[in-house]
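One chain follows as structure tokens, the form predicted alone.
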């Protein structure tokens, strides 16, 4: 019998993160640092229309820009769209050092990230998140992927970006619905790490105050970055970032990713998870987030008869390991915990509470 050899490797990556407001000179300097004549620019169709200056800046930095416009919306996170982008990359003979620049929300970032991770076994990835959701969540941490008919984000890879440039200038043109997408994730950070974020969100002039917006985005990005640095591959504390998400992903899958934006589904999931935690004895009151119900303006009560189907959809979650549901709950505000759940009746009751009470 041969002696086994242990191959031990350490994933070593560095992802500089910049948060600013309307600092195109900084962006130009950062892009110039990649020392490449060519880039692949994967951009959301609405971002391309609203911010033509971004394309102009890339043309000034790179002599050859390979363009790929992605249709807006969750339905773009498909194998077909990933294949289309890979075809563009390969037919334009991208090289190992060619950066892939993703400009858009979470959908564009997840999709472009998976393209960058898979073409030529890895191209440098630059995230330019343009939505609140992408800034505070999806651009940080290296999760890339696309959806499958059986569930959300079931195909993908961990692939860290070479740069994240978050400019709150993009938020000036963000529709209310897209703002709420990010609001769901920001509320998550308030629940699991920093309840003082609640007070920031209650500031009615937040979106008009660029300094406060930069601070809010930077605070949330740091919370996520700290957890990712402790647990890149989600074997421990990074799982806390999924607070409310097992419910949310089931809701998105049940409604075929067409009815609710991701952050809206997360908001429903937060209400369900908070109710569940409170029933287990945690001193957390779901009313803390239900105060934001008017901002989301969701219609959810018609889904109450579908609760059995929603519970069944939760079992497609990729984080299930023992056959039981694994929910991120709270022992208290800022004290998340992962718990296996066997009582599906309580899960149904959590759904009932959320769908009844987030309804406007």
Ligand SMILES: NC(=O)c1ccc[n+]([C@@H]2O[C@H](COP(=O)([O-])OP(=O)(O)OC[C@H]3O[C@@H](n4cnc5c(N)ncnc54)[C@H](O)[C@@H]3O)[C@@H](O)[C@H]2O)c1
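Numbering follows the first chain given and starts at 1. Predicted model only: the values in this text are computed from it and were never measured. Here the rigid core means the biggest group of C-alpha atoms that line up within 1.5 Å when the two forms are laid on top of each other.
The same protein also has a form predicted in complex with the ligand, omitted here; what follows describes it.
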property: Output flag, 194, 282 and 326 jointly within 4.5 Å of the ligand in the predicted bound form, heavy atom basis; result: no
property: Residue 47, heavy atom within 4.5 angstroms of the ligand in the predicted bound form; result: yes
property: The ligand contact in the predicted bound form: residue 264, any heavy atom under 4.5 Å; result: no
property: Heavy atom of residue 174 within 4.5 Å of the ligand in the predicted bound form; result: yes
property: In the predicted bound form, residue 254 touching the ligand (heavy atom, 4.5 Å); result: no
property: Interface segment, criterion being heavy atoms within 4.5 Å of the ligand in the predicted bound form, picked from 266-274, 81-89, 127-135, 214-222; result: 127-135
property: Heavy atom contacts to the ligand in the predicted bound form at 4.5 Å, residues of 65-101 in sequence order; result: 72, 73, 74, 77
property: Flag for residue 252, CA shift 2 Å or larger between the shown form and the other one after aligning core; result: yes
